[in-house]
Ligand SMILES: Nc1ncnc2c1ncn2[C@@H]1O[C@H](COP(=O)(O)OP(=O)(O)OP(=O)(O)O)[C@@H](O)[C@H]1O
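To begin, one chain is listed below as structure tokens, in the form predicted alone.
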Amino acid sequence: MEQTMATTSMAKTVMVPAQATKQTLKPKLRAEGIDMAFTRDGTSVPVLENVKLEVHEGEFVCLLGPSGCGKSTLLNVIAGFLSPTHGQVLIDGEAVRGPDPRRIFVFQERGVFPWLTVEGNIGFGLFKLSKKERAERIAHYITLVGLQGFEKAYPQELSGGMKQRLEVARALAVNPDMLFLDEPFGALDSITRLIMRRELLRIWEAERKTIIFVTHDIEEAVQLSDRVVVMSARPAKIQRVVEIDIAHPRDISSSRYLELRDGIFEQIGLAHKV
């Protein structure tokens, strides 16, 4: 029977049955025994070791681990940008052989086109739509991410948070099957990060896309995700999968939130003390 990890106290993490709905669903994504090594100066450097993971339709899953552990490498393997040394990734039962336009990757460095307006950026991948459909799609996502009034603005006229909203809107506008986000809020100040977490959750609840989100921020992972995949130091293995059994919006001062957060801190060998 499929199981997930749920933290039940600050002292330990225990196995609990997954939700019944997940037991009966076929996984959207399955990573099967992923090993990944790079060659550096003629020496093989292992990065991932026997990574096994399942993600279901509409889930928001965070990959969490220390900087440099291999989280982004795993995301690039899942997205098809890298081929694993061993193992395979299946999406909808088909092996991932390379990038797919149905699955959009939002990189850590913002990738909006500086020579295009907000409208131009969001509409960039919509060339197959009619002019009317394109305009409607652009208007929908401008409203969804709260950029009304900035339709004709260029990226250099936007704040960091607005640029990040624009990139999310551009990714969603092509109606992707899945979204892969690699520390998309890493360059933002702390207040803007909090705002963007709230905005991403609002968008996810409206669109219900399957999201895999890389972060090294425990607070961010517990605030956002359905499940937190805790990875070890390199070569990265999956140490625990923690189910975040708190409804959105989450009260970050609640006892359950603090219990889950502190359990993850303990799992990675850090005590969360002021």
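Numbering starts at 1 and follows the sequence shown. From a predicted model like this one, the values you see are computed outputs, not experimental measurements.
Keep in mind that the form predicted in complex with the named molecule is not shown, yet the notes after this line are about it.
Review point. Residues in which of 37 to 45, 242 to 250, 220 to 228, 52 to 60 have heavy atoms within 4.5 Å of the named molecule in the predicted complex?
Key: Stretch with heavy atoms near the partner: 37 to 45.
Practice item. Answer yes if any heavy atom of residue 117 is within 4.5 Å of a heavy atom of the named molecule in the predicted complex; otherwise answer no. Key: Result no; residue 117 lies far from the named molecule in the predicted complex.
**Study point:** Non-hydrogen atom contact residue 71 with the named molecule in the predicted complex at 4.5 angstroms
**Key:** Yes.
Exercise for review: Tell me, yes or no, whether residue 167 is in contact with the named molecule in the predicted complex, where a contact means a heavy atom of each within 4.5 Å.
Suggested key: Output for residue 167 is no: heavy atoms all beyond 4.5 Å of the named molecule.
Point to revise | Non-hydrogen atom contact residue 33 with the named molecule in the predicted complex at 4.5 angstroms | key: Judged by the heavy-atom cut-off of 4.5 Å, residue 33 is well away from the named molecule in the predicted complex.
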